[in-house]
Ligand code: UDP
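For reference, the chain that follows is the form predicted alone, supplied as structure tokens.
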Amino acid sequence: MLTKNRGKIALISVHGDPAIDIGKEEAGGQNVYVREVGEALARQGWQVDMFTRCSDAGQDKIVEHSHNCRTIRLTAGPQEFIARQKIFKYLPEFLEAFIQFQHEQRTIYPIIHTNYWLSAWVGMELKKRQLVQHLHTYHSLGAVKYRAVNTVPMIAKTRLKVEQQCLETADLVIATSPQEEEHMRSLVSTKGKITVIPCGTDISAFGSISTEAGRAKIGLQPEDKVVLYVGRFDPRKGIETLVRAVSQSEVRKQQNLKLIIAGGSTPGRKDGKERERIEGIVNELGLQDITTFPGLVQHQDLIYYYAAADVCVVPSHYEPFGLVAIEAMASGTPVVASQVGGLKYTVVDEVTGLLAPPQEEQAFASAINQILSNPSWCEQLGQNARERVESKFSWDGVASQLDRQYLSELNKLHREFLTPAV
């Protein structure tokens, strides 16, 4: 059956490359969101181009993901990895490269959907030059993030200003949870239009593997009690809290306990240093015999890790949504998560898992122990988790909600174009 041609849309994610391996430095939920949304929108009938910054001269400049969905890497600054806190000065170059690409392709994108504050700046500047509808997803709010860190970066003032301007001028801002919408209103601005559309996950892949098959694939035994972390090595992800929680006596007493900390790292860079720090804590606490660091796990292989786990822990200091939580839930695995941000929306306390105060290792230890000590309750939590994801968080469902918003914005654009100037 042929899908109706909806038209063209540009998803802009300056620092979050949709085509890069997830788990590399600064590659996480945003990268997954943009790619999965792009592919799902293409299935809805949109022609989707996802624009990001080229971070390696050896990268393909265009990556075809599926019919009508591709990643386009633009040159903005040196073609090498640059930490996102240092990208802002290259945004004018990114903007010009985007406009030049449109010129070369003899096209224009009437819908611009930007992701993260760096891309918001690009979207706002484009709106000054072209007749477009600008939609934005924050993925992380500086006003919230800077409350959770000890050292505020020099770029903070610029970021906060851009985030406020975007909320007040974009045609629509998409919050991924009611909690994120609340933070926007209380901490960013009371102006601007917001709607809530959650992130999603691949419900056909996650949940397709049995616990037994998952454990056999990654070398675990049927009797193991498996605690899993998936994500970047970043102090804000709270991995230290998890490690110290597992070292608590009530968790350590569990027979055949295994801790898996999955995620890529680059030696010498920020994430590599954080992994070294976490490994040092593991050794200091005597957990090295039960802890494994499988490194970067390809996204298609994560299904085995989630399936194998008794509990997945998301101990972030702050998380606007938390894709890892719903990937685990889709796999029928209960989640213990920090009681912050969007995690309070995705994880239903005592229904799909347990919530604990961030950075409180004893609370995390108690929550982990409750689940590991009660296999029948663990199974029930997992079933509830899968049902919640099926009903609320599929990528095609997310794309359908975005599709309706895009069509609404296109209608506004057409009316604006056809209305004669007074």
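Please read these numbers as outputs of a predicted model, since none were measured by experiment. Quick note: we count residues from 1 along the sequence shown, nothing fancier.
Below: the form predicted together with the named molecule, not depicted.
In the predicted complex, the named molecule sits within 4.5 Å of a heavy atom of L296. Remark: Q30 counts among the residues lining the named molecule in the predicted complex, judged by a heavy atom distance of 4.5 Å or less. Contact annotation for R236: at least one heavy atom lies within 4.5 Å of the named molecule in the predicted complex. At a distance threshold of 4.5 angstroms between non-hydrogen atoms, G263 is in contact with the named molecule in the predicted complex. Of the residues given (W117, Y109, F94, Y306), Y306 alone sits with a heavy atom within 4.5 Å of the named molecule in the predicted complex.
None of G142, G214, G332, G231 but one reaches within 4.5 angstroms of the named molecule in the predicted complex through a heavy atom, and that residue is G231.
Heavy atoms within 4.5 Å of the named molecule in the predicted complex are found in one stretch of 177-185, 271-279, 243-251, 297-305, which is 297-305. Counting a residue when any of its non-hydrogen atoms is within 4.5 Å of the named molecule in the predicted complex, the hits in 309-342 run E319, G322, L323, V324, E327.
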